[in-house]
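A single chain comes next, written as structure tokens; it is the form predicted alone.
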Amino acid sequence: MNPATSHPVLTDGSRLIAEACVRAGADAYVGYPITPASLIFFYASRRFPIALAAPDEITALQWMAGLAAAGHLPVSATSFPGFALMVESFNMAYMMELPMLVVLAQRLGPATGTATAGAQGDLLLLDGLISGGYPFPVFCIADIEDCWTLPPIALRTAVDLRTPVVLLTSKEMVMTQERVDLAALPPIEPVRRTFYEGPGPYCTYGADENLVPPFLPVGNDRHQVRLNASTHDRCGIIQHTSDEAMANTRRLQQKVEARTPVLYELDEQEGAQALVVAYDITAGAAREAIWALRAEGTPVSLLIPKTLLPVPAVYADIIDRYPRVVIAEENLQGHLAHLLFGRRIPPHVRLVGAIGRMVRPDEIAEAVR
């Protein structure tokens, strides 16, 4: 690194997330302050062209839907108690196919739990969030650099797939200051927005082979736009269970499964018989455990998934190569493990968990040994 071109600072993930969203083209932030997402609210209120303080999280998601329908690219950030209030409106936005991003900063539960203790307890909630089990993209930050690089990907996915997206993180990631070289951060290209320019009538949900309908904001001066959160046909007209309506509903799953970017880090060591899998804040402990194990002569590999939902098939391909697997996450139940294997965890898979504190590197290393 050239000291003359470096720009090291102490900063937190919240500031990087907010700035990255703005540079990627998000132009509206709607939020209600809640720990540990309050810093994102604070920074966003000073950087977004539109920043609205909602009276509650239900209103926040409703305003997000209105902004998205009008052609804006909105962002919000919350934690479980607030996200619980957003669920119905999130389902509405999913059915209406409105692009938006929600940053979900996890904290210790159940219920309101404690606002100042981290956790990784919301993954299984997200897996079943949409009524009917339909998937939507969930990406997960694994280090401070991801706070800069993942928000643009999440926003681009929201636009390209016309869908709400969740960016998962946790208390320690968004509130802890770390050293970051601002000069080393890659530039961010704004998300390209294209709107329907064809002849009328415009069918809001008339998708072609790419499975995603062209978008047109409400209030435009060319075509009528029908947005509908109930079961509907290609033009947004309410239907019961007609063939066209059911095909449109199936498409919601198909587009997400076919077009969600697959993001992960894989550090494989030759001769390794064990694989460590970790995400979010626990990825840092896993990296330290890997370094320690390799230093003592124990070969071991590491998988850090960053696309969590829908679960990429490549994760199973990687995991199947190893006779021993250690999955580390900051909860007692093993949310990622259950997502990967169901309720019957194979005997060659070892779970390492904790609540009220982060998972320690030595706990991961011991499980490998």
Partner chain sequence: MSRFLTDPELPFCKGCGHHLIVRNTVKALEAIGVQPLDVVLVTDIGCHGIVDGNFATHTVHGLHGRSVALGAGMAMALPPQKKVVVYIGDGGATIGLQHILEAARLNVDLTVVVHNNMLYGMTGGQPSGLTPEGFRTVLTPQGYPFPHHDLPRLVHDAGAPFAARVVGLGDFSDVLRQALETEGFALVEVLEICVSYGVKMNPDLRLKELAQQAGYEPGVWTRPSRPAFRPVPRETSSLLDMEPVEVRYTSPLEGRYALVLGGSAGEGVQQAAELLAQTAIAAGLHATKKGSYPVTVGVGFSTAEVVLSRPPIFYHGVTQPDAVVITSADGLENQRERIRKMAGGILWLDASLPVPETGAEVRVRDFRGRAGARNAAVYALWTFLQETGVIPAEAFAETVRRSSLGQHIPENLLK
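Residue numbers count along the first chain shown, from 1. Note that the structure is predicted; figures quoted are calculated from it, not measured.
Here the subject shifts to the form predicted together with its partner chain, a form of this protein not shown in this document.
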When the contact criterion is heavy atoms within 4.5 Å, does Pro213 count as touching its partner chain in the model of the complex?
no
Counting only non-hydrogen atoms and a 4.5 angstroms cut-off, does Thr157 reach its partner chain in the model of the complex?
no
Taking heavy atoms and a 4.5 Å cut-off, does Asp317 contact its partner chain in the model of the complex?
no
Is there a non-hydrogen atom of Glu88 within 4.5 angstroms of a non-hydrogen atom of its partner chain in the model of the complex?
yes
When its partner chain is placed as it is in the model of the complex, which of 319 to 327, 45 to 53, 334 to 342, 306 to 314 ends up with heavy atoms within 4.5 Å of it?
45 to 53
Checked Asn220, Gln254, Gln273, Thr298 for heavy atoms within 4.5 Å of its partner chain in the model of the complex; positive is Asn220
Under the 4.5 Å heavy atom criterion, name the residues of 5 to 38 that approach its partner chain in the model of the complex, in sequence order.
His7, Pro8, Val9, Leu10, Thr11, Arg15, Leu16, Ala18, Glu19, Arg23
